[in-house]
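A single chain comes next, written as structure tokens; it is the form predicted alone.
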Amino acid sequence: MRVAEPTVERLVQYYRLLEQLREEGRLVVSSHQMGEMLGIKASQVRKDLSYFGEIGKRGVGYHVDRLYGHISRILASPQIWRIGLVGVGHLGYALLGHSAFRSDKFRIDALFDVDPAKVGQEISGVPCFHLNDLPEVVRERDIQVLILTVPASAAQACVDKAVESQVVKGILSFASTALVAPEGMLVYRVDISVELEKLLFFLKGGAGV
């Protein structure tokens, strides 16, 4: 089943919301309530969830635990993904300490940098290697995903190193530049400056909202 990217993004939002509701002891939630909390139309919530099987009851809503388990199985990884983080600067350090990066689906298994003060050290319990050694290290450690927190000028060279390894399947890049990768390698870009510009645009009413 091929699922559209926006649908997957909303599923992750539903999952996080349900996780919060479970912690609060909530037993039942409606599509309307979920939509209000997430800023999504209730009809879209119902459409997304019914796409993967009808598990709610009309007039009753969704059992929080049951829906949480259902979405958890949909999002479940077939394996624990090993991830390499390239660029241990301010952003790299921040990601290492972020709670979102403590997951049973993946773990950061290696760091890469060019700073002699960092190479050969353990940072937050993760070994740091020189960028030049990336192809060999990711092969040895079966790392199939990379996160790039490097300057835009260095990002493409990191992608080229990943291609050279022949084992990296996906890259999440925080660099504000377009990247060229071969067919079969997924590259997702997170450009914080673009997201900020979008926010400011809508805040000033530029879209007529």
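Small disclaimer: the values here were computed from a predicted structure and weren't measured. Just so we're on the same page, rigid core means the largest C-alpha set that superposes within 1.5 Å between forms. Residue numbers here begin at 1 and follow the sequence given.
As for the form predicted together with another copy of the chain, it is not shown, yet the points below apply to it.
Asks: Which listed residue (38, 163, 154, 42) meets the criterion of a heavy atom within 4.5 Å of another copy of the chain in the model of the complex?
Replies: Filtering the options by heavy-atom distance leaves 38.
Asks: Whether residue 191 contacts another copy of the chain in the model of the complex should be assessed with a 4.5 Å heavy atom distance threshold; does it?
Replies: It does: once another copy of the chain is placed as it appears in the model of the complex, residue 191 has a heavy atom within 4.5 Å of it.
Asks: Check whether residue 171 has any heavy atom within 4.5 Å of a heavy atom of another copy of the chain in the model of the complex, and answer yes or no.
Replies: Residue 171: contacts another copy of the chain in the model of the complex.
Asks: Does residue 16 reach another copy of the chain in the model of the complex if we count a contact as any heavy atom within 4.5 Å?
Replies: Result yes; residue 16 sits at the interface with another copy of the chain in the model of the complex.
Asks: Find out whether any non-hydrogen atom of residue 145 is located within 4.5 angstroms of another copy of the chain in the model of the complex, and reply yes or no.
Replies: Yes - in the model of the complex, heavy atoms of residue 145 and another copy of the chain come within 4.5 Å of each other.
Asks: Looking at another copy of the chain in the model of the complex, which residues in 67 to 88 have at least one heavy atom within 4.5 Å of it?
Replies: Those in contact are 73, 74, 75, 76, 77, 78, 81, 83.
Asks: Does the distance between the two CA positions of residue 9 reach 2 Å or more between this form and the one not shown, the core being superposed?
Replies: Superposed on the core, residue 9 moves its C-alpha less than 2 Å between this form and the one not shown.
Asks: Can we say the CA of residue 186 moves by at least 2 Å between this form and the one not shown when the core is superposed?
Replies: Moves: no, less than 2 Å.
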